[in-house]
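The structure tokens that follow cover one protein chain in two forms, given apart as structure 1 and structure 2.
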Structure 1
Amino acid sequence: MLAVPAALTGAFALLPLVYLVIRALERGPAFAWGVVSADRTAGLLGNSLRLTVVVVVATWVLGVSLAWLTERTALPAARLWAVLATLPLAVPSYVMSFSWLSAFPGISGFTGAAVALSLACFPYVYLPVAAVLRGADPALEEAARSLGHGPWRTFRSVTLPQLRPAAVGGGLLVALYVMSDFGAVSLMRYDTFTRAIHTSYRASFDRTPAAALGCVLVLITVALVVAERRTRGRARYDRTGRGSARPAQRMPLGRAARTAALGWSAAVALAAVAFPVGTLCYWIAVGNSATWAPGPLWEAAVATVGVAAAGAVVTVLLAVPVAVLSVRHRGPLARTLEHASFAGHALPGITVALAFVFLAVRYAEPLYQQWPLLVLAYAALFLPLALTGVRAALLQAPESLEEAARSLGRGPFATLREVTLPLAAPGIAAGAALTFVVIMKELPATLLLRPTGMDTLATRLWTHTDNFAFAAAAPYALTLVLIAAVPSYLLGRHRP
């Protein structure tokens, strides 16, 4: 029942890879190998991996620390800080880069790209870690403390193992985002695989070099997914029952610790939310070219919300069978399909878009330049976001409840509908909201696949930015941030 739809999802996610292989081998394996083995490719690989490692470590520090402060300490106004920690999801990486670059021109290059991507991506770690801290059984930590373990030893031996799947899964999403990001590295003028692929596509009609570089990105993606799965192991993270039906006792903070915690939370919120929004407001206020034309702005906003909602629904529907199979029926098939589902997320949006153009023109011409093709491209790009959310919820859902339902005569489909999916509902909702926000910000695929005459907020923003009309771009950027802030706010405010 699960294998067939999961296999269809895996095959769908591999479509961009099929295109890459066809393009990469178009001029023969020797030419492709020459591109991959060139010295410049080694330099791009080093740049990409260095940026990825730094951003992942930074997002772990930011995400885990803020999740711990807002969920397990007596931090004043914890709910407010929890909401502010999710709002950077609403800020596209290219908007984050532009705001910092316009204020500090000397920050361009590796430092600027690392700062912008870290501030834009740390909610991918914060959200799953905070969810685990909210749902974890406090009795386990209390038992450790009663056995003589101090706070740090309890955190290291009891709490941290429960956080590991969420933190590593969030880190995987951050790594894939960094490997595929174009806006931030382009504005900061830092050479990575993605920027080199875009340059190759724009500089020549020969797309073989870009396809060969894209294949390298796929191999890196496979390595990252395998590494993440190995860290997950075969441990179980669910309760046998509801456990202690009460929240964990919050750790009191002394005056110095409270001041430090508030200062840290405020500094992150200022850098990741207040500063980019303030920059946009500044450009609107002082720029002569800023125009709040309500007609084009409204049309772009409606189109953005429509395609993002459709993309989120399709992506979640594709992700559910793969997530259930990977958590409840571990084996070679589940492992292969899970790895296949991550293939598109590490590829630049332009590569995935060109793959769907290639397939539509050759095999499904009526879909060319129609919104369903754009929605399918979104699903291929962002399938791991929904998959990670559903999987994290299932890892904490007790499998014994499903076994009890089967023992009472429920069939596989009834058990899935009545037990498994309700248990995974919070993860499904979180995955859908996260996917909706990220789709709103997607730029390269939207530029290439949108129907004729349709513009989204991201495409209007990029058009003005590309012409250096920053003040004219500011209204579209601010509207994009405000709309995306709604689901980001709901993600941060959802508390038991």
Structure 2
Amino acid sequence: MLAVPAALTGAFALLPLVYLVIRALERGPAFAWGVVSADRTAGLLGNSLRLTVVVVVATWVLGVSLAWLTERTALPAARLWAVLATLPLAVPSYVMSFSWLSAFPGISGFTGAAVALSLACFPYVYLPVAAVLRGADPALEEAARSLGHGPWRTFRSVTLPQLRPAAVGGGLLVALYVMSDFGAVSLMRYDTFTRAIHTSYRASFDRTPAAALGCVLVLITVALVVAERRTRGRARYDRTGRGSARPAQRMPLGRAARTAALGWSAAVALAAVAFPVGTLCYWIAVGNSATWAPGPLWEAAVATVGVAAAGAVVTVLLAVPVAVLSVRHRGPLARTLEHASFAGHALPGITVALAFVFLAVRYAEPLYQQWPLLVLAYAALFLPLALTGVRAALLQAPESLEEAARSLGRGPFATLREVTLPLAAPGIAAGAALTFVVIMKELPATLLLRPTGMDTLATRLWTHTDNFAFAAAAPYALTLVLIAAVPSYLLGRHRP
């Protein structure tokens, strides 16, 4: 019975992909191959991959080190640092770029893009790794210690392997983000694959080259996802024992270690949160009332919150049937639907947007440049994000409780409504909050699909930064960061 909404979701998620392939092959495979095999393409691809590798490694270092410090050591004010490590979620990568660029124009290029993206993306690693460290059974580490391993060896041989799935999963999200990022690399003037797709689309009305390049991006993404699956291997990482977990002992820090730990945490928070916010405040201070008016700012803020909220709700609603099916009724159908729903991961915002433009113009003219179409595009883009959250939340509701409800006379739907969903609600809400933040920051699809005359904070600030009007862009950027900080802060405090 759940299969019908789940199948609809899967089909919906595949729409942009189908569009992409049709478009790419519109002028024959030879033409598409010509575009893909051009010399420039290989160079761009190299640029993209280089940036991805560097950013993923940097986010691993930042995310794992901060997670360990905040969860497992006697770091003073650990809760504060934990919140600060989540807050970069609220800073869009192009705002990060903008603030660094406006302070240090020389950073432009590869270095700038790598710095901005690493600082903006490391919470994707920090959050899952910190969650695993919090939930891991301390008995395992105690066993290693009692078997003669020192603290450092225990961390390497017991703790790190437990963190691997979370770190690799977070790294995958970072890699996908970097591969399809448009804002940060454009501001930093670093030529990547996604930027080339954008340029190619802007350069002419011929969509075929852009679609052909998009297909290459899809293939790379598929390769990344498959690689991540491979690393999961056969080991299980959940708790084998029963009973409630004891919280782990925090490692005491000596004077020197404490200073170093505090210094590192503070340096990251400074670079990723305080610095961008400070720069924005500086630009607001040097600007004058002529550069920005409260009216458009208010309108943009309202529009942003409106579409982001609608997008988050629709995305989560679409994700629930697929997640329930994949968690409770494992089988080929459920697996296929789950994979289909992950298609959005593979597609940069611009291609999804193009697909929806195409479909609307052809088949649903009245929807074109209306906000429902924008909301649907968000849903297609961020379905994987919501799905991951909803799935994890559903796994928190033990099956034995559902069985108890069934034996007490509840049908499958009543059980879902009265037992499973209430138990999963906090996790589902967290998934919605994350989707909300990500939609707020979304740029390429919003630029293309927003209704005529509607501006979001992101599009406003983009128009201004494109012209290096930093003082004019700053108020929009700051408002965006402040609004996004609220759900980000809650996410950092959410304890699954």
Partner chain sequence: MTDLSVRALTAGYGKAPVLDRLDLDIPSGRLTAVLGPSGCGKTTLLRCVAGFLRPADGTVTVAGRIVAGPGRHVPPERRAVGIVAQEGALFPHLTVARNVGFGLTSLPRAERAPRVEAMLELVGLAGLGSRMPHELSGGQQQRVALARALAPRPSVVLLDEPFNALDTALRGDLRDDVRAALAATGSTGVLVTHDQEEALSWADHIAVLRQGRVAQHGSPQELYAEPVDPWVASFLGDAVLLPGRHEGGRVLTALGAHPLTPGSDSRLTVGTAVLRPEQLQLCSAEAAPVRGSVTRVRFHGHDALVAVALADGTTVRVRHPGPVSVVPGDETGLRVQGAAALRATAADPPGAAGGPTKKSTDRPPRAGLPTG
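If you superpose the two forms and keep the largest set of C-alpha atoms that fall within 1.5 Å, you have the rigid core. These numbers come from a predicted model, not from an experiment. For numbering, take structure 1's sequence and count from 1.
Visitor: Between the pair I just shared, point out the form predicted together with the partner chain.
Guide: Here the form predicted together with the partner chain corresponds to structure 2.
Visitor: Please say whether, between the two structures, the C-alpha of Leu219 moves by 2 Å or more once the core is aligned.
Guide: The answer is no; the displacement is under 2 Å.
Visitor: For Asp191, is the CA shift between the two structures at least 2 Å following rigid-core superposition?
Guide: It does not, since the Asp191 C-alpha is displaced less than 2 Å between the two structures after the core fit.
Visitor: My question is whether Ala256 is one of the residues whose C-alpha shifts by 2 Å or more between the two structures, given a fit on the rigid core.
Guide: Ala256 C-alpha, core-superposed: shift of less than 2 Å.
Visitor: What Cα shift, in Å, does Thr388 show between the two structures once the core is superposed?
Guide: Rounded to one decimal, the shift is 3.3 Å.
Visitor: For Ser407, what C-alpha shift in Å is seen between the two structures once the core is overlaid?
Guide: A shift of 9.4 Å at the C-alpha.
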